[in-house]
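In the structure tokens that follow, a single protein chain appears in two forms: structure 1, then structure 2.
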Structure 1
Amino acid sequence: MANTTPSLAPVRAQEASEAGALAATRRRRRYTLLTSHDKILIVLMVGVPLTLDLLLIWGPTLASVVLSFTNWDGIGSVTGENFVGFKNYQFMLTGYTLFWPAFTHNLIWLAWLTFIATPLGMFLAVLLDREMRGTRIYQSVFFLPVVLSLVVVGFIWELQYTPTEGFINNAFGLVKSGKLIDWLGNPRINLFAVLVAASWRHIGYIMILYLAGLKSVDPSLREAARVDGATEVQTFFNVVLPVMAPINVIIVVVTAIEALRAFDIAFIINQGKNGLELLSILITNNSISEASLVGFGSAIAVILLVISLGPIILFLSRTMRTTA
């Protein structure tokens, strides 16, 4: 497989294909080297973490699917009477006024990151991927927000956005003139205000990933392009970008996962209401709330799970190829 499809690391892919030819003989040989004692050790070394992973990640995932067919309120145990079939799903899709707004907000989040934040991060990476003075400093600055927690990012941006005390409204004289913009309370703009804050962090992340990808591009390719008389822009689009296909996939996946996981900033700002509804927050607000609508919250969780499987499978299929 490794030699028929583009792999993430071309150099190593070659190794892999050579290795593949020898795989059969090697495998046999290796097993003869392992004592039964070793085999038990291997089972334990993989088995213990795997059991924990199955128990605490995949078990709960399946349990969420089961719970989504119940009306369990989280109190006591689940009995046969709790099963209500597809009722939660039916209500979620037709009766629940917040589902589609939340779904749309996640989509907008994804679109914003994909078409604005991610390209900007890539652009910065391309600018900084050259021998020039201060490139390290620039990189450090753009990357700095990535190490901050989203909670802190939320606090820091609230200092900018708060209507009467925030920097923006005060600096532009909107407080004085009485034409306040409600950055966090107006449901038409608060999502974008939050997205700016989220991008502050996302852009640096993408930049670093992309820079690493650019560094791995064989310099002789560019050299050849330049000799052929291609401009810098042409070289990028015709030579560099195609070679970067594997890293592009990673970046698409990272962007999609970030958009689906969006939670902390919106939760810190207003618990995800009034224009900041997100699927992850609806799950929390239903399942872990005073009313504790666990069954219904789980149905939303299943939707989020199904959507997440898209990028996850894309990621796995791309990254696991070379392993096979």
Structure 2
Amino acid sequence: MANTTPSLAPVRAQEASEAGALAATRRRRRYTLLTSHDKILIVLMVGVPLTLDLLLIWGPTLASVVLSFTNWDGIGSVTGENFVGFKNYQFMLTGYTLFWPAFTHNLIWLAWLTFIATPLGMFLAVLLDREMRGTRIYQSVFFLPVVLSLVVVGFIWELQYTPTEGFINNAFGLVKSGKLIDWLGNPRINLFAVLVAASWRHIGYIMILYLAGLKSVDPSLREAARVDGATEVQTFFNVVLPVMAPINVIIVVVTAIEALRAFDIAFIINQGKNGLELLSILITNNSISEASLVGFGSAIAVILLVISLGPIILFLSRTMRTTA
């Protein structure tokens, strides 16, 4: 008689396969590098900063771009009647008499920091990198203005520039001779007087950044250049400076950002008027004032944003090219 009992081999094979898969899953879970607590922690570490960045940086940025096409005064909600197209930009470029002086002053600020203040900071860093006597003291002295806020720096230099009681006019004997110079009241020279005050802080900042980069340069490179008969100047420009390329890019970006975001010192002295007009001050005066021209102030902010994107894109492209 034929055996009609079904074979149990396929069932047992399927059970064995399921048991093996379950065991493999348990092993993978057992030997995973990240626990559930680690995963939650990673989500929080990435998600919270990303959320804050979107809410506090990109949210207001996109809102400013949208508001730049409106005549919104900051009261009530934005409706379709508030949208005026490019009228804010048209008036800013052709009818607003303060825009081009402020734009020019920002360019002067950028040129001054780029070609005067930043090279001075780099030069001081090179001198202090030679481990001269009293290097720590010099570093502290030059870096001290950096820890001060720009508001405090503005007050300090405002006292220095005072026509009668200020240190500068008294030091040059201008008070006794009666030939007083109104450093901050004369629109022909007050911008450069403020740039000197801003450089006092900026030079120390660049010095510390560049000095940190110089400390990371391999000493053997300088020794090899010295053996080949190169002078210190030739060694710096032909060996050290190319090696410092990443730091140089960072310094260029920092200098551009410092110049474009200039506000505090000029506003403390005379609210950014009478020769000290800057784009950042125009944004403040139009957006936060009795006129409440939030839409027009946002248009100026967008122009400043577009100008600021240049060094930011340069920095990101340089960084991505280096890591690629």
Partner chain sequence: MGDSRDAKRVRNRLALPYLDAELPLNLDLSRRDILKIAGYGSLAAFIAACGGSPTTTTSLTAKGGAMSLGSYNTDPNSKKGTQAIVDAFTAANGGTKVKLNTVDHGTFQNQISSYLQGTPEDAFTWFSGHRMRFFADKGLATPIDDVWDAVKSNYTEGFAASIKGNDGHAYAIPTDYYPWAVFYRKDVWAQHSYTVPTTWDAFKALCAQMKKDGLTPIAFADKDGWPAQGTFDILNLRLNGYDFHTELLTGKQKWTDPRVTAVYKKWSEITQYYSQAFAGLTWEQGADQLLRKTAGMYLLGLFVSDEFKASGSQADLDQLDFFPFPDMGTQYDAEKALDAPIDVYMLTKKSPTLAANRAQANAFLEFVAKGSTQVLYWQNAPGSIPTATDADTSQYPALTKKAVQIVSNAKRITQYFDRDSRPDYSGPNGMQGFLLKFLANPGQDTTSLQGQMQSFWDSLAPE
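Take the two forms, find the largest set of C-alpha atoms that superpose within 1.5 Å, and that set is the rigid core. Residue positions are counted from 1 along structure 1's sequence. All figures in this text were calculated on a predicted structure; none of them were measured in a lab.
K.L.:
Quick one: identify the form predicted alone, either 1 or 2.
P.N.:
Structure 2, which is the form predicted alone, differs in this respect from structure 1.
K.L.:
For L44, state whether the C-alpha moves by 2 Å or more between structure 1 and structure 2 after rigid core superposition.
P.N.:
The answer is yes; the displacement is at least 2 Å.
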